[in-house]
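Considered here are two forms of the same protein chain, supplied as structure tokens in two stand-alone entries, structure 1 and structure 2.
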Structure 1
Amino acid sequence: MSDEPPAPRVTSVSGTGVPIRGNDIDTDQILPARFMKVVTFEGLGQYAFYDQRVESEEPHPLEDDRFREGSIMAVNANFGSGSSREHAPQALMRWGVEGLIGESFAEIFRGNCLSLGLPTVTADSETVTEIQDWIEANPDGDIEIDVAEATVTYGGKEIDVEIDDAQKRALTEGTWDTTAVMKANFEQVRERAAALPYIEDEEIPEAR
């Protein structure tokens, strides 16, 4: 086997920020269901936060010229709750988001972000609010999420953040695209299946 990992290593991401305030921002807000009537993820970026961004009179940060190019999204608690739709993080990624800092993330959403190589790091409410305030005051300022070090740097300040251990390793070692990694264990998959009382022998595929 070559030393090349199955996916690119994501050790750090950086760019200007975009603050999305509010707890419980669910996946129906991030990507409304009607835009899921597609058989590929291409072009989903234009529908990120569509109802709040395009269909609403209230200004939305993603429609704000200061944050439109922002690639580091700062969010509050329970971000991405609700549906399992990968369409939601796909839309954010295709809009240009490369990493998220939040108080907490819904689990399937966080897992989906990992499948796309998007880091999701967490910090307490006060810290996240400070970052959001700082982004608003410094829309051109760079924020960096260092995945390996579990830090966020902005405005000459470095703070510690939380990052789940498996996520950190998957991103920094380039193993977040799990298909190849798991396929290498196919013989063990067959063995495991054969040991389960509800699996018939004929359901188990040939070794490959």
Structure 2
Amino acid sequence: MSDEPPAPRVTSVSGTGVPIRGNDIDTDQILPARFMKVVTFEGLGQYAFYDQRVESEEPHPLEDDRFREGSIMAVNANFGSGSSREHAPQALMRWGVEGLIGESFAEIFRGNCLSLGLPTVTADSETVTEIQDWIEANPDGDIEIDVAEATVTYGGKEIDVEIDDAQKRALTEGTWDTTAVMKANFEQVRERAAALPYIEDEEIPEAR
């Protein structure tokens, strides 16, 4: 592998915030199943929280002009539970979300976020509520997730947050994109494929 990382290093992300309150927000709320009938992930952003944004009488933060451009999402406990659909974080990323701060995340959802280069950091309930309150009071205020230092900065305040060691390493070293890692190690992949008895030589690509 060259000195250049396979994928861009994600050491920090920043932007204005968007508060999504409530525990156990599952992937079907984030992206309803009927919008999964797609060949690619392009355009999924328009369906993020579709039922709550468009079909519910309750106003949703993503439909609020104050938070529409927010890229740092502050959520509560067990966010992303339910199915393993990778379409959910794909929809959030394509809406414009670049990182999430939450009380806790469903494990598969967190893994799917990592595969897109989206940091998911955690803090206790009181801290997350304070961040959500601050975002609502300061919709134009920047909030930053520093992945390398495991901190969140907002309103002149810096707090420590938790980030999984493997996630932190993958993001800061630029190895979060497994496809990019395989391309960066193309010759080793070719050698391994050639050693497998069920792969014919003509099935092994000559170039990336």
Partner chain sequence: MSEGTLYDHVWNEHLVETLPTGQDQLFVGLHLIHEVTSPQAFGMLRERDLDVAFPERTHATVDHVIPTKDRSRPLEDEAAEEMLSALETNTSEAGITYSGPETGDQGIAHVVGPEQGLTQPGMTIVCGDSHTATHGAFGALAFGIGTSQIRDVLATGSVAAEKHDVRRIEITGELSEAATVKDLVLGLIRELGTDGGVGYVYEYGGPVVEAMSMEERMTLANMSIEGGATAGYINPDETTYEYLQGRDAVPEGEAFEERKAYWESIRSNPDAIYDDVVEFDASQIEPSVTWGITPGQVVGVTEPIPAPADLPAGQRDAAERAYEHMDVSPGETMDGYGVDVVFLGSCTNGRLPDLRAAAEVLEGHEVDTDVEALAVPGSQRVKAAAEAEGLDSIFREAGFEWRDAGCSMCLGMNGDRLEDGQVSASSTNRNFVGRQGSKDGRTILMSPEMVAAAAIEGEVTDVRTLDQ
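Each residue is numbered by where it sits in the sequence of structure 1, with counting from 1. The term rigid core refers to the most C-alpha atoms you can superpose between the two forms while keeping them within 1.5 Å. Remember, it's a predicted structure, so these values are computed and weren't measured experimentally.
*With both forms of the chain shown on their own, indicate which is the form predicted alone.*
Pick structure 2 here.
*Report the hinge rotation between the two structures as a whole number of degrees, treating the chain as two rigid parts and superposing on C-alpha atoms.*
About the larger part, the smaller one turns by 29 degrees.
*Superpose the two forms on the rigid core, then give the C-alpha shift of Met182 between the two structures in Å.*
Here Met182 registers a C-alpha shift of 5.7 Å.
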